[in-house]
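Single chain ahead, written as structure tokens, the form predicted alone.
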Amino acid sequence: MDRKGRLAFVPARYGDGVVGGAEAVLADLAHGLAARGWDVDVLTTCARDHFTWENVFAPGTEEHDAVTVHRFPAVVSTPRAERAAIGAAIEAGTPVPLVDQQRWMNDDLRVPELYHHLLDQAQDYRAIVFAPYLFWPAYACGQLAPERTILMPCLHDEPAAALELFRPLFSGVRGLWFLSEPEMALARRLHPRLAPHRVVGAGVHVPDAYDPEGFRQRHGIEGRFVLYAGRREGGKNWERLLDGLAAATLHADLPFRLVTMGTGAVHAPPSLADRVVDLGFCSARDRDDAFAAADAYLQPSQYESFSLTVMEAWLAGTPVVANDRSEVVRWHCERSGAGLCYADDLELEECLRFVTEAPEAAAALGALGRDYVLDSYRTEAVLDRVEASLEDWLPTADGSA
């Protein structure tokens, strides 16, 4: 096979046990392009968790299928008190001077060895792809060789997104890949002088088969349940979902258990605790079968740039109940007709009542979702769009336009 050039993909985390949409999308792109004849390196940290940045994986080089992975130690050398104080001001919408924004960014994870690797070897890559925008590797390293840098920002409508700190990253790189039209529209509002950009989407792998009954038997789950998969944390609105689900269950006498998989603590309200089944981090097989077995998938997060788990639910023919404040997920639900959106706890209860009382109609919604994903986000179609942009933006092997 003729090789097409050398690419570097730079997620802050990569490997077994890593939970995160940006990380999953970037890893899939890396492996997909390697299978198409590109020489692909993944440049990442030794960390698995994005809160502590503890170095879990060994530093050095290893092969993952056709991808070469280079790991560099994550460095957190301060108590991060300054970051917490400045971050609180950012979250509150208080104007923060650029110098304080820079202190906020640097009082957290840093990866000096990755920085020096790219300082020395950036010219060896036809393109260097960073995701997401919010962490130090993209901010600090993404500006080392902007003429060959592509940013997949995985942008959310959050206070940090509008910081002056990030303007050079969004305006000065060779190109930006967006996962959805609403994400691109948000970037244009926040950073009017965007670099060249395209919506490429994210590829969703289609399982060969589902075994919902096998999933139930493996985990001893009986009766009807709703599912949440991903990071259990405040940024995903997890605690608010637990409270809302507890209230809805009590008021409407809902029949569902809540099955959840992923990372982070659960801490369910007492009235819901005996209905929660926490599976922790699960295999791909369990994940797929869980989506197929669930009555509905719950997506409480308002900060989404694509929502891979929503697509996985729809591929399994399962309807989605989603937070209306997520412009991206609401857009997917409106386009597909396969989801129900709620603005508050009362509307969450109404959505779950519908799933409870009209299971056949709910299943019909899920079927629409599968058609939507297959029409819009097949992996090969996404890789086609990615390769087309690489050829347009970086048409020669030395990275010149």
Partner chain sequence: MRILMVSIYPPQRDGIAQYAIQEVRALRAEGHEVDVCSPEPSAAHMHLDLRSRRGPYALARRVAGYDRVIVQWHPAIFYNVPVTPAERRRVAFGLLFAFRRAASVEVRVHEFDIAGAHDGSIASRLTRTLWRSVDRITVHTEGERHDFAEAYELPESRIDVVEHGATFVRRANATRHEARAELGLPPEAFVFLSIGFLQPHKGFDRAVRAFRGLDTAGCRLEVVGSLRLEDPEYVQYVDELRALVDATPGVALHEHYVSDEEFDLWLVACDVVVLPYRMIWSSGVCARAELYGRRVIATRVGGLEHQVVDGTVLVDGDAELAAAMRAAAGREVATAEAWPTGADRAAIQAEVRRRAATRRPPGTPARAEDPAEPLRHLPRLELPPPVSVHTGVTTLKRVVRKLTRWQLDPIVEQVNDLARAAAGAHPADPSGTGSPAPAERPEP
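Quick caveat: nothing in here was measured; it's all calculated off a predicted structure. Positions refer to the first chain, counted from 1.
Omitted here: the form predicted together with the partner chain. The next part is about that form.
Query raised in the report: Within 4.5 Å of the partner chain in the model of the complex, heavy atoms considered, which of A34, C46, L365, V69?
Result: Selected option: L365.
**Message:** Counting any non-hydrogen atom inside 4.5 Å, which residue from R167, R285, H219, R240 sits next to the partner chain in the model of the complex?
**Reply:** Here the answer is residue option R240.
Checklist entry - Three residues, R126, R188 and E387; all within 4.5 Å of the partner chain in the model of the complex via heavy atoms? => result No: none of R126, R188 and E387 comes within 4.5 Å of the partner chain in the model of the complex.
Select, from the options 297-305, 205-213, 140-148, 277-285, the stretch whose residues sit within 4.5 angstroms of the partner chain in the model of the complex by heavy atom distance. The contacting stretch here is 297-305.
Exercise. Please run the contact check for T52 against the partner chain in the model of the complex: heavy atoms, 4.5 angstroms, yes or no?
Key: Yes, T52 sits close enough to the partner chain in the model of the complex that at least one of its heavy atoms falls within 4.5 Å.
ask   = According to a 4.5 angstroms non-hydrogen atom cut-off, is G262 in contact with the partner chain in the model of the complex?
value = No, no contact at 4.5 Å.
| Does at least one non-hydrogen atom of R80 fall within 4.5 angstroms of the partner chain in the model of the complex? | Looking in the model of the complex, residue contacts with the partner chain include R80, since a heavy atom lies within 4.5 Å.
Even though the partner isn't displayed, in the model of the complex is F135 close enough to the partner chain, meaning a heavy atom within 4.5 Å? So F135 counts as contacting the partner chain.
query = Are there residues in 224-255 with a heavy atom within 4.5 Å of the partner chain in the model of the complex, and which are they, in order?
reply = In sequence order, R231, E233, G234, G235, K236, E239, R240, D243, A247, H251 come within 4.5 Å of the partner.
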